[in-house]
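In the block that follows, a single chain appears as structure tokens, in the form predicted alone.
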């Protein structure tokens, strides 16, 4: 197991290096000029050239990448062009807010969708299965801005039981902060419920139809014992991968929700940085989201091998 984990960590590091290359060079090919974006359209060309030289953006790309990458390893995320401050001095509150919203939605949707998928599978072909399957499929096709607007109109403007904005006042209690996150979390739950529930249903049905479950049933074990010991452990294996891939979406794919509920998270910061040609901020934000994806995938691989040791044995061979 430790050897397998080390191999996965090594692959993750290689992927991270490739990701940093893609992020950096993709940022460099975006239209616009850093000096011009900072000084404005009426600045002289000489002033723009002087500022580009000061920022180092006139150096060869490979030199710029090496300076950027080594700076990140030292904890230096670069200097924001627009805010004229180190990116590390202001990016972490944005990351923290996105993590808080993502964690809240994650805690709601994962157990709810897994339970829904298992219930649908155990009642395969019945009315409960059809209702849950249809509901999950329908919810996953509703865009966040549509469900978000409906929620705002009904619960914030209509019944006035929840706040419109997701950003709680400074110094708010934990319960108050959760109250402000309810509305923006629900559209995320709607989107992810369908994916995870359908995968949990498919995995449970596959486990129920397996030979080892039939053998356990023929031995006379109670149904709840068969489900707890043999079905759940194996039915969750494919679901883990789906949950891991959706974790990155929860962190970086919240731009619509953040804009709709006036929530300053990492997605909003990245969009603003792209519009302002603030490449250091843009690259740091996208790199963070990539690291979240890699970390989630790595954790999923480890959990997968714990639940199914044949995976790591096959790798070892």
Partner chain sequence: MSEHIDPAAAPVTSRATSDPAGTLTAGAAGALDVSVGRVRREQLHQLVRSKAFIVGSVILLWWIVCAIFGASFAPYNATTANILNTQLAPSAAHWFGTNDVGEDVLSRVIVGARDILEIAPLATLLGTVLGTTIGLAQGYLRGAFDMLVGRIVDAALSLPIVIVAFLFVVAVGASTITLIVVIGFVFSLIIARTVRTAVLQERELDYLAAARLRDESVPHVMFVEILPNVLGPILVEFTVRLGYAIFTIATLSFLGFGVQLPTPDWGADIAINSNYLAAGYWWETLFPALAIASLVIAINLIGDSIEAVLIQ
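Every value quoted in this text rests on a predicted model; they were computed, and no experiment measured them. Numbering follows the first chain given and starts at 1.
Note that the form predicted in complex with its partner chain isn't included here; everything after this is about it.
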- [ ] Look up in the predicted complex whether residue 63 has a non-hydrogen atom within 4.5 angstroms of its partner chain, and give yes or no.
- [x] no
Task: is_contact(residue 263, its partner chain) in the predicted complex, heavy atom dist at most 4.5 Å - done: no
Open item on the list: Since only the chain is shown here, I'm wondering whether residue 293 would be in contact with its partner chain in the predicted complex (any heavy atom pair within 4.5 Å).
Closed with: yes
Open item on the list: How about residue 15 - does it come within 4.5 Å of its partner chain in the predicted complex, if we only consider non-hydrogen atoms?
Closed with: yes
Open item on the list: Just to confirm, with a 4.5 Å cut-off on non-hydrogen atoms, which of 149, 85, 103, 178 contacts its partner chain in the predicted complex?
Closed with: 149
Task: Contact residue in the predicted complex, from 164, 221, 119, 237 (heavy atom within 4.5 Å of its partner chain) - done: 164
- [ ] Mind telling me which stretch in 275-283, 51-59, 38-46, 65-73 gets its heavy atoms within 4.5 Å of its partner chain in the predicted complex?
- [x] 275-283
